[in-house]
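Two forms, one chain: they're shown below as structure tokens, one block per form, named structure 1 and structure 2.
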Structure 1
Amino acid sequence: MTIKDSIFEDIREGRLKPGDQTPSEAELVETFKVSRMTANRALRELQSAGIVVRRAGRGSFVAEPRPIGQLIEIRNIADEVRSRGHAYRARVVHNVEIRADAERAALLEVGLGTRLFHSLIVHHETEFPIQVEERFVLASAAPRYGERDFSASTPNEYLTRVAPLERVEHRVCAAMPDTGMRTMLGLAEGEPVLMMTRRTWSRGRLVSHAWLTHPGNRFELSAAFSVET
């Protein structure tokens, strides 16, 4: 039996469950009497197939079933994760007040020097980072945004309350992440991401511009709608 077949069988028979650590390269070398290169290749192929995820310095783990995010419906990511029966947590990298420079002013269609908030948050499902949320928010529309503890509640929850949604724009693309993004999402070099750009309006003005970045091999987006005839 090959390494891949053995791990597949362990998963199928329930001996390995989502989130469990798989045997290390050294253990695979010893068990299957193969070279380290062969063991490494088997794990890389399992990773490419979405069966395992690899964490630098920690090893390989059985992948969770691929989460499905809602593309059209604006849902709170914490609620999505919990609806799948998994634990949710967030790590706030920063949440600061800034003044709009030319680039940020263009994002939110405001004048130079306008007060904005800039937040960067890593959302986790069980132990795995599933989304990096970078968001610019118009301070006049959500004046207490910079004071919020977004490890306890999400930006979506707060903005839905203080700036009720009236319009949204989405754009989704695949991309290769830079080093900082790879680190936050725990990705190996060469792994792609799925990036959603989301702009939202409330009370006739653009109030938020966000980039929602997901691991490309562990996440998919879906949408369903009815068509009137």
Structure 2
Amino acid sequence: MTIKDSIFEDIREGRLKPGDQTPSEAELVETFKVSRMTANRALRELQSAGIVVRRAGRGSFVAEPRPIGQLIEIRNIADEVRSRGHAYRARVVHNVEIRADAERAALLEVGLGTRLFHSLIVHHETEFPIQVEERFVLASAAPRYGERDFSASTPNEYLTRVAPLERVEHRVCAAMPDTGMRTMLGLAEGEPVLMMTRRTWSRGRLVSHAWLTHPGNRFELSAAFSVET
């Protein structure tokens, strides 16, 4: 666990970048005073998790960020827009602290009156709105959520930092937007939206419930996976 954690931390904190060579098995044996099998297992598991790529005879390397994959929806929408070479901009409609009423309490599986944050943000690619993000967040899991400037960095970015992602659930459906949504997304009448409900867990608790709404015709979700061999 320590070996994997150590390498993962080096990657997360930028000391190891995609393509960089990680310590070899032999180096890990020395550094961590373990047997080679243990070092081997740590690197092998990092490979299986897609964090590291290993090449016999060459070494182990930090994997490139997966361009498509199960994780695509987890990517920061800001990064995604920028990766297409476009400007990203966000407009924060509101971000306030509330107390859970019956409906919100059920949503986040907490008691009545629990402190929550409620944010509504419109994300833009160049000048076009591409996503409306409405989100409820458990305040105790992300205490400073309400003070954050989400026009500078996304809730997703903040949340994954303060509440390490443990489990994610997505539901996707097509729908016709109401007038408010249509206005925010700048849609013509009769245009459908692609709506994703996204719930995230951290440290055993449901931490966030979000609705991500996209213009149906100008946005695609994609995902790919390969079967382990």
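In this text, rigid core is short for the largest set of C-alphas that superpose within 1.5 Å between two forms. Values in this document were obtained by computation on a predicted structure and should not be read as measured data. Structure 1 provides the reference sequence; residues are numbered from 1 along it.
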Of these two copies of the chain, point out the form predicted alone.
1
CA of N40, rigid core aligned, shift of 2 Å or more between structure 1 and structure 2:
yes
G204: after superposing the rigid core, is there a C-alpha shift of 2 Å or more between structure 1 and structure 2?
no
Checking A175 here: with the core superposed, does its CA move 2 Å or more between structure 1 and structure 2?
no
Upon rigid core superposition, what is the positional shift of the Cα of D20 between structure 1 and structure 2, expressed in Å to one decimal?
40.6
